[in-house]
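First comes one chain, alone, set out as structure tokens in the form predicted alone.
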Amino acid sequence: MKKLTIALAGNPNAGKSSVFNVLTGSRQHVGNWPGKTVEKKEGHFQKDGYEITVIDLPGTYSLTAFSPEEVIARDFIIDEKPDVVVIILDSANLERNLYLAVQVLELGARGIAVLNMIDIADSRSIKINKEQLSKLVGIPVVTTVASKGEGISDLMDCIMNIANEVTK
């Protein structure tokens, strides 16, 4: 079975844990990062001949390495080189969330942007052109309401497309 590692990155309260729980079916291992008090979550699932490990990185607003959360998230992306970083964005607070997304991409990570909580953005009449956003940031963009499981199949399709590119 082929292996794939996915890291979930995002601002606090953007819905990373909801995405994590939907992807892994809440099958998780909780532990601490070595030498730190910041919790990490790791889950696993299988799909299309892949053993997929999902790492839920600590929620952070940036990767500038001023806090333990920032150091852990940045170091994991640089040192562990996950096959894909799924960047969870709060659709109702997109501008603030894009700062972290750009930093993740500047590290050379292969990414997918997830416009999570799109229902809240819609209820506030916030319209996001995901095709245009995808062109601007250079990665696939999907919309989800992870707390309801909506859009997760589109996210899985994106993940599997990248998995197939990575293992060619």
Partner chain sequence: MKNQALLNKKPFEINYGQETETEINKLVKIINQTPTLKSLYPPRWLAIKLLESDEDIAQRLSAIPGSTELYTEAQASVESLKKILGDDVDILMADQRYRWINSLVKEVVMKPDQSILTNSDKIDKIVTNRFLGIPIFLIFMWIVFKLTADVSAPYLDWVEGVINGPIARWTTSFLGWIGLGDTWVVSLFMDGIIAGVGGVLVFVPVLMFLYIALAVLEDSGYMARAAFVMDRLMHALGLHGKSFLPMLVGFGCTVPAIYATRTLENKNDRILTGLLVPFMSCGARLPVYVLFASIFFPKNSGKVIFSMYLLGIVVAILLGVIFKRTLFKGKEQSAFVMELPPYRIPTLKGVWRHTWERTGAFVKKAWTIIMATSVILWFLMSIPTGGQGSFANTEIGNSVFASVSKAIAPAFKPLGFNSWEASGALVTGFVAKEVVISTMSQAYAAGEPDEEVEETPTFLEDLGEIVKSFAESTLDTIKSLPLIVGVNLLGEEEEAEPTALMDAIKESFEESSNGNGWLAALSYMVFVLIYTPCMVAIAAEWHELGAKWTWVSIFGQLFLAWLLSFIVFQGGILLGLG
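Residue numbers count along the first chain shown, from 1. Just so we're clear, the structure is a prediction, and the values are computed from it rather than from any experiment.
The same protein has a further form, the form predicted in complex with its partner chain, not shown here; the description that follows concerns it.
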item: Heavy atom of Asn13 within 4.5 Å of its partner chain in the predicted complex; value: yes
item: Contact flag, Asn129 vs its partner chain in the predicted complex, heavy atom cut 4.5 Å; value: yes
item: Heavy atom of Tyr61 within 4.5 Å of its partner chain in the predicted complex; value: yes
item: is_contact(Lys47, its partner chain) in the predicted complex, heavy atom dist at most 4.5 Å; value: no
item: Stretch 117-140 - residues with a heavy atom within 4.5 Å of its partner chain in the predicted complex; value: Met117, Ile120, Arg124, Ser125, Ile126, Lys127, Ile128, Asn129, Gln132, Leu133, Leu136, Val137
